[in-house]
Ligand code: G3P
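What follows is a single chain, given as structure tokens, in the form predicted alone.
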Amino acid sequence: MTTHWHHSPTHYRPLAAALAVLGLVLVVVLSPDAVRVEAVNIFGTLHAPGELSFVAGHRGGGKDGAPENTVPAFELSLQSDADFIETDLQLTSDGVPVLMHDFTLDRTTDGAGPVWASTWAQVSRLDAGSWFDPAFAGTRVPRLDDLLDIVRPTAKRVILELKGSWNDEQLGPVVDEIRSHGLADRVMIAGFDVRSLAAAQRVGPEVQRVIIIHDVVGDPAVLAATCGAVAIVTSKAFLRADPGAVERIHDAGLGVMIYTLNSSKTWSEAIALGVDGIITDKPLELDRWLATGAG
């Protein structure tokens, strides 16, 4: 992976140009006396307060009119101006990567028990839509491959959140699918578990990584260096309590994303703070809000 340093304390590129940049560049600053840098990576350059953040559809945008983490939800996100589709990744008992948030099948399907205790043949027969609306009866649990197939012809990008802990062997098929679709420069692997992200770095170093953490304690650059992360996803509660955290994370050359924001008040707060990305269940509604100039 190539590393470029952009010494630019005050200048930030416009959002449109930033999002057009899909380079594979990781900037990590370990010295507290280092000059502020501008990181260029899969989601562009660092944002100044007041600049419009990019948008990621949480679980595919699961409150915009389709059941979360299903192909209909992903298709709605593809129709929106959201830059990213965010989804959750788990393995079936026979090692098939599937997209589901909960560790169990109970809430969003007509199945029961842990995802990892069922084979793909069993999971593939489940109804993943009726719980949301009878109109979606028969909607199936998608595989990672299903999402990558529909994303590939578009300009959209994907954030894959690893649920639980993963090792090198388990991540192998995931990275293989990303590579086989030619999407290594448009997919980010995210997670709370830095050991899983370190495994992702070993198996697929060209696929960028993002740490999800409720509170950023200590030097964010040291945290990111544990797995070569390019950004940190954190909570609105943490940034409200410590609004200076965005600048500290940016000073380390790292991007900042915030989850999960579903109201105009929180969208306004995030943009004012200068976060780089907003993760929302309502990408279409956020589109409309931004289109009115409210942002």
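On a predicted model such as this, the values are computed, not experimentally measured, just so you know. Throughout, we count residues from 1 along the sequence that is shown.
If you look for the form predicted in complex with the named molecule, you will not find it shown, but the lines that follow are about it.
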Would you classify I212 as touching the named molecule in the predicted bound form, given a 4.5 Å non-hydrogen atom cut-off? yes
Answer for I279 alone: is it within 4.5 Å of the named molecule in the predicted bound form, judged on heavy atom distances? yes
Give a yes/no on whether K163 approaches the named molecule to within 4.5 Å in the predicted bound form, heavy atoms considered. yes
Residue-level question: is D83 within 4.5 Å of the named molecule in the predicted bound form, judged on heavy atoms? no
Heavy atom within 4.5 Å of the named molecule in the predicted bound form: which of K156, R140, H101, H181? H101
Interface stretch in the predicted bound form with the named molecule - options 238 to 246, 224 to 232, 57 to 65, 262 to 270, non-hydrogen atom within 4.5 Å: 57 to 65
Contacts from 165 to 198 to the named molecule in the predicted bound form (any heavy atom within 4.5 Å), listed N to C, are F192
